[in-house]
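Just the one chain here, the form predicted on its own, laid out as structure tokens.
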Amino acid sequence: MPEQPATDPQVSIDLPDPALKRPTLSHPADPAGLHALMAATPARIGVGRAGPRYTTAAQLLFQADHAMTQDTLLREVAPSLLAELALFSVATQVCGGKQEYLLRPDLGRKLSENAKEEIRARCPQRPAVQLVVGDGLSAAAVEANLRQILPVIRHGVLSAGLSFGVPFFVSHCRVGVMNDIGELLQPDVLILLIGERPGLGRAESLSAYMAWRPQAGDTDAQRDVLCNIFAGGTNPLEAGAYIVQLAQTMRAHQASGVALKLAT
């Protein structure tokens, strides 16, 4: 057996994480101001240049952020999280995995026949509020926020004296699936928590779409949305409280989307 080379404890081959935001602009006029700007926005600023090109550091950061986006687009929500929160899982009409899901958004707006049967069997009809979780375009967003926001919504709805339907998870989900669920369960207010499209370096942002008695043919004009729900944006605990308040407003005016704006 060949002799193994000795390891020098003083030598490290680890490199700095390129995904960490740091200014790469040479000789900024106001270094403190640049740091403050970079801390206040996820936009790609302060990267500098080498001639007409990005610097090597900026290019590495772009590649690292792009890899993060690809990872969250292509992976699934952890089954252990769904089990922990007692969410049963159903699917849309997407049968060919994530590639088909990305290429056929129309299939992600329709429940499979098996999903419809399971939802009918497990969920009560006509609850005041029905909550659904969808993976959307970011599994990371669901995993980062669901433990915090779901209990807040459940507690708020029940504390308001409203019935709360059995929540469940929809895989390969698009926002338009709300129409199918509305037709099946006929809730007063339907809430869909769904992972937002990830940006470069930002994968944990969740959205809450809400609608008053959704039905076939409804569009975004009949829906309200609270977006950018994550620890660095709209805090999930605050978002949960606002969602409950908005649900009560929808019930008071029997409207959502544009109609609710006109009513209030």
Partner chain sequence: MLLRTRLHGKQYEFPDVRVLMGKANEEKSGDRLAGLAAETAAERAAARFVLAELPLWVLREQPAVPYEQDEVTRVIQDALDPVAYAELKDWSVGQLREWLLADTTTAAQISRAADGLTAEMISAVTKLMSNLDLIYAASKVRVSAHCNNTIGLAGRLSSRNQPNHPTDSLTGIRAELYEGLAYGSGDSVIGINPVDDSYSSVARLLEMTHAVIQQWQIPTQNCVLAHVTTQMKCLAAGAPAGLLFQSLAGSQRGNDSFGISVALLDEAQRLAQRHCFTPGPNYLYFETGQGSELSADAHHGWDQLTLEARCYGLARRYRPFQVNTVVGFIGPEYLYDARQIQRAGLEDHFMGKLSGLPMGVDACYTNHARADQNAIENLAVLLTAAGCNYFMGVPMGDDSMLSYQCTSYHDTAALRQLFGLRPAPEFERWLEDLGLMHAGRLTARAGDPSFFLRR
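Superpose the two forms; the largest set of C-alphas matching within 1.5 Å is the rigid core. A quick note: this is a predicted structure, and the numbers were derived from the prediction, not measured. Residue numbers count along the first chain shown, from 1.
Quick note: we don't show the form predicted in complex with the partner chain, though the next part is all about it.
For residue 216, no non-hydrogen atom is located within 4.5 Å of the partner chain in the model of the complex, even though that partner is not displayed. The partner chain in the model of the complex comes within 4.5 Å of a heavy atom belonging to residue 73. In the model of the complex, at least one heavy atom of residue 106 sits within 4.5 Å of a heavy atom of the partner chain. The partner chain is not drawn, but in the model of the complex it has a heavy atom within 4.5 Å of residue 25. Relative to the superposed rigid core, residue 232 undergoes a CA displacement smaller than 2 Å between this form and the one not shown.
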